[in-house]
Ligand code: C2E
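Below sits a lone chain in structure tokens, taken as the form predicted on its own.
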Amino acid sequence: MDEKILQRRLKKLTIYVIIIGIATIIAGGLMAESSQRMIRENIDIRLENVTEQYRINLNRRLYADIQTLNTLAAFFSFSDMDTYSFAQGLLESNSHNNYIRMAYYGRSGVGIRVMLDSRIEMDVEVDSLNEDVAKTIRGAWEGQAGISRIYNDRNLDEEVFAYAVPVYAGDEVIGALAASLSTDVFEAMLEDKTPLNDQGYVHMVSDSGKILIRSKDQLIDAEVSSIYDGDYISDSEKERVRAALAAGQVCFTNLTYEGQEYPVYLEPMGINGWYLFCVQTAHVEGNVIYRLIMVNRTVVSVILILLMLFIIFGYRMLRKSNKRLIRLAYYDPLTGAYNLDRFTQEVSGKVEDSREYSLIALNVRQFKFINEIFGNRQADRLLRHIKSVIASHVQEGEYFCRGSADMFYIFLWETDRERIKIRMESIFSSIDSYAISNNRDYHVQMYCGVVVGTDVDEDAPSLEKSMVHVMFALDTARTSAKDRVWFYDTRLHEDEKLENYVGTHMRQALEDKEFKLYLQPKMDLRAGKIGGAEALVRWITGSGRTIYPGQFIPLFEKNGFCVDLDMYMVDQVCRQIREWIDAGVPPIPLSVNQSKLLFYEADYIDNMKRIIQKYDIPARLVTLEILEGLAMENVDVLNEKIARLKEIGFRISMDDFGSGYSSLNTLASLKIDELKLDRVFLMRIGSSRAEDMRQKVIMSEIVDLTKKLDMTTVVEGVETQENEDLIRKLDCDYGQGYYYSRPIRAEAFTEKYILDGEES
């Protein structure tokens, strides 16, 4: 070949290699810059989300403490207690909440303070306290609950802060209830590296840059008191950060430690100028990738093909890293399904734009039982199987996610109820066939709540509202014995509104005395006349609407308000007996229900004694009705309380015997005075001749047993003459039911059974 031609080809080849090399280096540089930017953007997003989670957790703790103090403030009756008793009550409250100190300061500026070690300090002046604590207490006097700044307590030699909430007497603020807490609680929460995947640190700083609480493992040296000290942040960045913190804004910056830069995110907590200072050390991984790409770009000048391979390899690594970050942020780690955040992002706009959808929440029935019996590993396998089944049943454009535990949400473009039910039953069928471990006899049972967009009459539909509705439907499905698919409808909407009304008005209703005393007579079967009555409650609102116990008692049992209502009803019963005595008519015994929560209140016995003394009535006229379930927990403790109540004079009755898993052992174990047979006994009689005989034998044996145990018997659900003839024949003591009377207002009861009975 001609040398000139060879030279020209070699020259061309060289030029091509140079051009390709330069293009590759430029491309590598651009890719390196793009990679660095993408890594930083992903890390910034994750850093912002993680910091927000810490902020939410800290604020929840602060809000919970404020709520606890508000609750305590509401329960203290300052006017009825002498100073020593009040101090003891404050000390008892503090022992349950583990505050360093608790104190009450009247508006006079003098208060009582108790310590965790049970010391009590009297006549403590607010002016002698830390200035910021005193300011917080004065704010509480003005009706504002508050949190002080963090300060060093010289007596305890540790960093603390204080809460203060107003204490009311009626509508007037009479003082402030305060509590001090060590910053150790914040430090423990900041030490939890789970949200950061052990790839970062979180400190709490003030808006002036002072480090208030720091993680034990940290990049900033322990002797440094401010983020502006030293060379951790450049001078230009310090000015920018100062301006952002002074304005109460969020801020991204970088921290330099041992020559390495780390991304930092500062987010205000919205309290006292406190900021969360979150450092993400995962940025080191991004720098490693970046350096790898830079090294590959240098090597390309020597071996072009190898460099390009390295560039491709680096790019793939970057994509993999990016996918991993996205998976952590938007996918459930156990099942691989969308998490709730991603589901919300995908579905929110669709719910707002169209009503032609359905939102479904589904659960595994008795999932806790599966965890306990078969173990967490098998339960996790079941959850992964459920995810696979749902994924195979949803269509293009439809979404699903795993919310938490065994909760899954599905978004379907369906509005036809029958079609939705068919699709869900198909999903359930595939899940039901799953074999947990080798136990093929155990069938997984699912249930779900469904809200159809076209069934919800709302001006501004949103996913958040639909979530509330679907959870209400799910709760209804949970209690349904046969319907596994429950649709949210008008009735459920009314139930939802009623539940919301009950939850938000219950305390005001108690103050306004909207809970009315109703009485249902108990007939003495031997004497043939009234022998007592059971106190029942009806909620009659100011507008005249009647809310029945079945509509509010279950909610009260869940939120604990049944304790207040039960004590109110005891008070009303004693008041009624007092009125009869004052009217000069012989009173009859009244029975009143007592919930489990109330029965185990620490001051329950004392409160019962106080009410009896308040109305000056014989305690023997009051029968306290308890449920058999109380005995299932601790018979000895229950008997001890029963004995103390009987010493006062109360009679004790077991209500609804036979409605659940009644046991004759219960009768032998409990020292009660009366047994109430549930209406289920009489309801079962008449279903068949053979069953009639068995029920009669059982009732007869129970009545005989109660007589041997020196108990009286009350049979509920007496609705016919035949019912009464039967229980008379069985020699029962009392009958109660609609055959005699429905529950009626206490005033009407007095007129019909007390005054008329007296005249006759």
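Don't overthink the numbering: it's just position in the shown sequence, from 1. Computed from a predicted structure; not experimentally measured.
In what follows, reference is made to the form predicted in complex with the named molecule, a form of this protein that is not presented.
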Problem - Arg538 within 4.5 Å of the named molecule in the predicted complex, heavy atoms - result: yes
Exercise for the section: Indicate whether the named molecule has at least one heavy atom within 4.5 Å of a heavy atom of Ile611 in the predicted complex. Expected result: no
Practice task
Although the named molecule is absent from this view, report whether Asp332 comes within 4.5 Å of it in the predicted complex, heavy atoms only.
Solution key: no
Handout entry: the named molecule contact at Ile648 in the predicted complex, heavy atom, 4.5 Å
Key = no
Practice task
Check, residue by residue, if Met569, Glu625 and Asp655 all come within 4.5 Å of the named molecule in the predicted complex, counting heavy atoms only.
Solution key: yes
Fill in the blank from the handout: Of 715-723, 49-57, 694-702, 62-70, the segment with heavy atoms within 4.5 Å of the named molecule in the predicted complex is residues 715-723
Completion exercise
in the predicted complex, the residue from Ser595, Ser215, Ser148, Gln576 with a non-hydrogen atom within 4.5 Å of the named molecule is Ser595
Practice task
Could you tell me which one of Pro549, Gly230, Gly503, Gly403 places a heavy atom within 4.5 Å of the named molecule in the predicted complex?
Solution key: Pro549
Exercise for the section: Select from 667-682 the residues with a non-hydrogen atom within 4.5 Å of the named molecule in the predicted complex and write them out in sequence order. Expected result: Arg679
